[in-house]
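Just one chain is shown here, as structure tokens, and it is the form predicted on its own.
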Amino acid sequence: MKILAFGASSSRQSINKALASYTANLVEGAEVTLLDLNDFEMPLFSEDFEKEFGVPAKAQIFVDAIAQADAIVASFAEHNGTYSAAYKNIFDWASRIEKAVFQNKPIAVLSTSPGPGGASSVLAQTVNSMPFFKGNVVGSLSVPNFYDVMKDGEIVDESVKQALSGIAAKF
């Protein structure tokens, strides 16, 4: 099984990328491709830019990466209660190529933050919007207090570890 994983954040030290990677690697025997959203920097989406220059090639690379995967694990950073600008821009460009951005792939939707909210607002938005873009959500989890839950690349909170294992088992 080929799993595409990414943290919907542009932070070089993304805790969401770490959570997505950890979860994807729970799937026994899976070949995991970990994307870094910094590799997909593009001009800010606008119809004017699209008319003049077309859709950036990096958007097609993102859509192709989804197409090549059997499943997706994505963990969402929350910026002011919603998606990070980096993710939203990539998503907006990708949707110009393929409205069904997630191509009916099974997807685990996660979120985390250093604080007690666990980025739960963006998680709710994501879970609710995924079906409109053909994301087949097989499980979701908000993980609050990331730095208490993950240490040295391992989940140390047993309840979170079990919940993530349960989501990974759905693939």
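As the structure is a prediction and not an experimental result, all values here were calculated from the model. Numbering starts at 1 and follows the sequence shown.
Keep in mind the form predicted in complex with a small molecule is missing from the figure; the text below concerns it.
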- Even though the small molecule is not shown here, does residue 11 get within 4.5 Å of it in the model of the complex, heavy atoms only? yes
- Using a 4.5 Å heavy atom cut-off, state whether residue 23 contacts the small molecule in the model of the complex. no
- So in the model of the complex, does any heavy atom of residue 54 sit within 4.5 Å of the small molecule? no
- Item | residue 101, heavy atom within 4.5 angstroms of the small molecule in the model of the complex | no
- Query: If contact means any heavy atom within 4.5 Å, which of 58-66, 32-40, 131-139, 113-121 contacts the small molecule in the model of the complex?
  - Reply: 113-121
